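Just one chain is shown here, as structure tokens, and it is the form predicted on its own.
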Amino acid sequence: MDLKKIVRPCILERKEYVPGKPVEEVTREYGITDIIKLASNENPLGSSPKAIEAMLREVKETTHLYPESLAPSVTEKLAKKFNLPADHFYIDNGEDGVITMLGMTFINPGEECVISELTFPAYENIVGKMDGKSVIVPMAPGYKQDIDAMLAKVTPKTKVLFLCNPNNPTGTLIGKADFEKILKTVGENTLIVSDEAYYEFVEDPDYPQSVNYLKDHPNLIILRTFSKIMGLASVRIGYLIAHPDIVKAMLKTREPFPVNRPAQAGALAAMDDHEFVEKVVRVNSEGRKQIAAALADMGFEVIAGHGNFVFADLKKPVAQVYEELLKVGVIIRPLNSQGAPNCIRVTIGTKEQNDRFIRSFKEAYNKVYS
């Protein structure tokens, strides 16, 4: 069997996505169980207690039943939360599922999509799967998305302009002025995708409230998730906010049952758990300052950013430091797979986890480079 004659050429060309290393894999490789994972921007406080209770009840009572296909209860609750009609929401199997359906619905072979360098790999991944063309734009100083340069690459051939705000993995922000410039500049037949997976963590008043722009910009698509602030990463539920025509088109593409019953139940309950959200935001804000200060004191270029992680450029290859950390049960995210071999992203943990990371990182770095 010759796979080159069977598999779509655009798939053969794709690089495999490299996720954050799982705890179980480190246990198998190094034989240790005392592990902290600060690699995948997961919630260090776990999941919303109200969500856990609701999900357990759902598992006990309805595991034998298919879920409601359109997750109508979640949709209605989101609609009330954002004061928008329910037909503005599309829900799928995590934000990754939303991005996949976006690509399958709108991107034709050969169409161009403008994407910043060093951003969430899912954008380039889905463009490649659809045999589209990713137009990668270098970053501006300070590891920011270069908005002017990205707009300069938008042409009548551009189907999607992907924005990550705050950007993952750098944590940098697109402010109101730049966001409004994008909306005014990009034509109505180019989709503007604003990925806001970390928007609940942003404290900067210059952060644009993108929902307010939907009415006048039907080509604007906003992505959100329950994985981060609510800690529902394992059950997979994310959503999109957009013009009803966008949603209608995507409903023709989606799988019949993309969001399982526990995920729907957990999302419903989590939206009422304001106490948990406030605690997560507080712990994250304190931890972000703690880790950023420690790395800056070591002389690295650090961006505390606006998410639940810290980005740092060590100006030296991080691969060996990363391996030394694994040996002592500390998992972070090296960014060599994204073309930044000198950079790391560290998820904010609890105070104790942050202390352990800082201590272990100093020891690992000194062992490699002293």
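Values in this document were obtained by computation on a predicted structure and should not be read as measured data. Residue positions are given as counts along the sequence shown, with the first one as 1.
Just so you know, the form predicted together with a small molecule exists too; it's not on screen, but the next bit is about it.
Q: Is the small molecule close enough to 96, 164 and 168 in the predicted bound form that each of the three has a heavy atom within 4.5 Å of it?
A: Every residue of the spot touches the small molecule in the predicted bound form.
Q: Using a 4.5 Å cut on heavy atoms, which of 100, 227, 116, 284 is close to the small molecule in the predicted bound form?
A: It is 227 that has a heavy atom within 4.5 Å of the partner.
Q: Have a look at 242, 295, 270, 197 for me and say which one sits with a heavy atom within 4.5 Å of the small molecule in the predicted bound form.
A: Here the answer is residue option 197.
Q: Though only this chain appears here, would residue 123 touch the small molecule in the predicted bound form if you measure heavy atom gaps against 4.5 Å?
A: Heavy-atom contact with the small molecule at 4.5 Å: present for residue 123.
Q: According to a 4.5 angstroms non-hydrogen atom cut-off, is residue 236 in contact with the small molecule in the predicted bound form?
A: Contact check for residue 236: yes, within 4.5 Å of the small molecule in the predicted bound form.
Q: Just one stretch in 152-160, 286-294, 228-236, 129-137 has heavy atoms within 4.5 Å of the small molecule in the predicted bound form, so which one is it?
A: Flagged stretch: 228-236.
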